[in-house]
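Below sits a lone chain in C-alpha cells, taken as the form predicted alone.
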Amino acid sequence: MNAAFWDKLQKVDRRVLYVVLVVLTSIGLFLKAEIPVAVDDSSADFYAKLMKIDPNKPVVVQTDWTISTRGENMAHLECLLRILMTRKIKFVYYSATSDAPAFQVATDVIRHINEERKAMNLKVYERGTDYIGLGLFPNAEGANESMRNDIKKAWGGRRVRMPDGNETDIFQTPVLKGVNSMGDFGLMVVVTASDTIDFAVQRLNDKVELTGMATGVIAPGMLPYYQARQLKGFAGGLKGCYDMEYMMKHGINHPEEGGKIYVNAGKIVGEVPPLGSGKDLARATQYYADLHIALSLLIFAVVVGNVAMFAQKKAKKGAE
C-alpha cells in the first residue's frame, strides 16, 4: 500500500468515528453480556454486609445524586433496592444536597423497582409500612450533625400517609417504631455523586455502620475511609455496581452446579449466598458490556492510527 492510502487513513473525519461509536454503543444497550470479573474487596465487603445485616432493623439511605449521573448512580440505587426488598428489609431515605431534584429522582427509582416486582408477582413495598421518604435536606453537614445529636429532633414533625389513607408520625410507623438513635439502624448507605460521603463519615461513622455507592470520580476518595474501616464496604463507579450484580447472581465463595465458584473472596469468612431477586443482572451489567464496546473501539482507533502513521512514514521513505 502506498503513502497516499496511509495518508488518507490518517485523515478520516473524526465525525465518522463518532457515528460508529453512537451506532455500536446503541446496539450495545440491547445486549446484556455477563463478563467474568475479579470482584473488588470493597464491593465484596459491601455485598456481604447487606446480606448479613439483621432484617429486623431498618436501613437508612442517603441518596444525593440527580439525573446527570444516572448512568452510575441509578444502577447503584436500583441494585441496593433489589437487595433490601428481596431480603424484606425496611428502609428510610432522604437526600442531603442542594440539588433539589435528588429526592424526586430517588422516589422515581423506588416506583420503578416496585413496578418491576409487581410484574414478577413479588411483594410491592408500601410507603409507611415498608419504607419512608423524608424529603430534601439542603445541607449534608448540618443534616448529619443533627442526626448524630438527636434523630427525633432532626426528623421530628414529619408525617407519612399510610396505605389506609391516614397520616401518621413517622416514628409510629412499622418502619421507625422503636428507633431512637442512629445506632438503632442496621446500616447506613450513602449513594452519591459528590463529597457528601465525607460529612457522613465525619459525623456518623461512630454511630452507625456506614457503606457507600459512588460515581467513579468520587469513589477513589472513599478508599481511605474503607481502609480505616470507617466504611464497611463500598461500590465504586460502574465497575463496583457490576460487581454487586455479579455477586447477586453468584454469591461469594458459593459453589454452583459442578462445584464451580464464580466469586472467590478470601477476606470473606464462609459463604455468602446469591440474592435471587429475579433480576440480579440488570442495568450495570447492560452498561458494563456497552462500556467494553466503547473502549474496544477506542483501542482499535488508536492502534489503526499508529499503524497508519508508521506505515505512512515508511512508504514515504521508500518512495525517496
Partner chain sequence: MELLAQARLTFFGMTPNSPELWVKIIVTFILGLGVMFAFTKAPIRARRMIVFSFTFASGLFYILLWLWPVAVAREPGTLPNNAVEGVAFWLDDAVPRIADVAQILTAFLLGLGIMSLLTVHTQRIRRKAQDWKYSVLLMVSLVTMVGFGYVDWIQKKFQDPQGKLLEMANWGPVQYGQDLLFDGAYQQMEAAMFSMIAFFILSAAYRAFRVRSVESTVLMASALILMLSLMGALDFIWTTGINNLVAQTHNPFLDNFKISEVAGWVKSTLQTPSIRAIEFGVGLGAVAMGLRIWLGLERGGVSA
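Positions refer to the first chain, counted from 1. Take the two forms, find the largest set of C-alpha atoms that superpose within 1.5 Å, and that set is the rigid core. Treat the numbers as computed from the prediction; the structure is a model and nothing was measured.
Unshown form predicted in complex with its partner chain; subsequent notes refer to it.
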None of K123, R161, R87, R229 but one has a heavy atom within 4.5 Å of its partner chain in the model of the complex; the exception is R161
Of these, 47 to 55, 34 to 42, 270 to 278, 250 to 258, which stretch puts a heavy atom within 4.5 angstroms of its partner chain in the model of the complex?
34 to 42
Please run the contact check for E145 against its partner chain in the model of the complex: heavy atoms, 4.5 angstroms, yes or no?
yes
Do S181 and its partner chain share at least one heavy atom pair within 4.5 Å in the model of the complex?
no
When the contact criterion is heavy atoms within 4.5 Å, does P101 count as touching its partner chain in the model of the complex?
yes
Can D195 be called a contact residue for its partner chain in the model of the complex at 4.5 Å between heavy atoms?
no
Heavy atom within 4.5 Å of its partner chain in the model of the complex - qualifying residues of 44 to 77:
T66, I67, S68, T69
Take the rigid core as the frame of reference and indicate whether the C-alpha of V22 shifts by 2 Å or more between the shown form and the other one.
no
